[in-house]
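As structure tokens, one chain now follows by itself in the form predicted on its own.
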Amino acid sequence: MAPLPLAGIRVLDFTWVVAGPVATRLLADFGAEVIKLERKPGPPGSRQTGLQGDLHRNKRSIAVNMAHPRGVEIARRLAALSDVVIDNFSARVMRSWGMDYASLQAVKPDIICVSMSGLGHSGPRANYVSYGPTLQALSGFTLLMRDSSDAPVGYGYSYADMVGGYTGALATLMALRYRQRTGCGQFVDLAQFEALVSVIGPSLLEIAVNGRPSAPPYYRSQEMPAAPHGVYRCRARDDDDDRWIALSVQSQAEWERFVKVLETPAWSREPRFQTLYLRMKNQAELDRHIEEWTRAQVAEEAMALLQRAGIAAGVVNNGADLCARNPQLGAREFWGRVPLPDGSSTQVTGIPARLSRTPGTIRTPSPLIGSANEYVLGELLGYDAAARARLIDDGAVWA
């Protein structure tokens, strides 16, 4: 097999929480050597399963005390041996350690520094602290997501972190390509807030073009006219009575195929449902009729029926559907497994982009904090055993 695309690239990873680790995980999956610099000792037990196990697979870990001058010295020496230094702190943090781009460029002129701060390195809010839910509120996503009482609810999981993470990985690749062509590194100022605003979609255009905020879309189509369009309750499955299907009918030809699947009920021939305009005008009544049908259907069977008729329809999957019952993910072997030191294994998310010649791989589990201390301090930085012991005794490195 050919070497992985990023083989030979070393990334010094200061990231934490989710957004930054997502970015570096993508780089690690495609062959980069990602050395995660941990800033505190690890908690008791293993972090090799669950979300942390998923975020940090394929990486190495060194535990360095960045409050200690010799800890900062280790980080700077490691940066000098790296191609990329990446963080997702607020703008001031790396500067306070002397690890900002201007400082590191003096150590390694072609270094690439990627800073995935919440709000960027300029502007009146550059030093604000933020997390995914904060950014979702600032960007308008939380307000657009309402419950039945019209109160903002937001996402159950931090969509902002995924957007920031994937954008961070892409920005790193672009900077590496530029360096390959020119020999020059650069500073990447990635504001996760801006990455999130850029994908807000029609609501952003409503404000920018029409000068007015848009109403929450609920389950109405935002891309183009469609009716029916929404999420409809289905029949219970075993003891799970929270089963739903999403579907969208956009054209007259699709409508005719749709009602044929429903065996052309009498209501579908009523004048108020004969054109797309009238169906949208009478959408509340239309939705009640659609749900009368879906409530009698098993969600998966209804999806198959509608898809065979060329209707966009999909089960609203829960965790069990995705992990254990999804035939598409199963057939494509999306879920990966990595072995653990005790002989067991853990399941992790797969790699969504498949390169025909150099596919990414899941090779190692999430490292225990500090597990690569010997490799990094000894093999890479050249500290002998006595020097390594002194670093630990002095509190610059945690064993």
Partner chain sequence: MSSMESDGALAGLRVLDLANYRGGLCARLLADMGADVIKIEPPGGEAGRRIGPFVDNRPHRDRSLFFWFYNLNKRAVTLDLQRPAATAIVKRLASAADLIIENFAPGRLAELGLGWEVLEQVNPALILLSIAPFGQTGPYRDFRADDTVLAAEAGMLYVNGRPGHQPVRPLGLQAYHSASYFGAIAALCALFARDRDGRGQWIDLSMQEATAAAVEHVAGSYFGEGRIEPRRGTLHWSRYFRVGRCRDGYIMHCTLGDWTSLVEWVKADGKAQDLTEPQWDDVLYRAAHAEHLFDVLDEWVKDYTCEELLERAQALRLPYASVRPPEALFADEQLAARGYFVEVEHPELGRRFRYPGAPYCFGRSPWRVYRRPPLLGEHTGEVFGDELGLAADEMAALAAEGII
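Quick caveat: nothing in here was measured; it's all calculated off a predicted structure. Positions refer to the first chain, counted from 1.
The form predicted together with the partner chain is left out here; the points below concern that form.
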property: Residue contact check: T361 to the partner chain in the predicted complex, 4.5 Å heavy atom; result: no
property: Contact test in the predicted complex: A320 vs the partner chain, heavy atoms, 4.5 Å; result: yes
property: Interface membership of T349, the partner chain in the predicted complex, 4.5 Å heavy atom rule; result: yes
property: Touches the partner chain in the predicted complex: A63 (any heavy atom, 4.5 Å); result: no
property: Interface residue in the predicted complex among L329, V298, V72, L276, criterion: non-hydrogen atom within 4.5 angstroms of the partner chain; result: L329
property: In the predicted complex, the one of N282, S103, S268, T142 near the partner chain [non-hydrogen atom within 4.5 angstroms]; result: T142
property: Heavy atom of each of A80, L368 and L381 within 4.5 Å of the partner chain in the predicted complex; result: no
property: Stretch 111-129 - residues with a heavy atom within 4.5 Å of the partner chain in the predicted complex; result: L119, G120, H121, S122, G123, P124, R125, A126, N127, Y128, V129
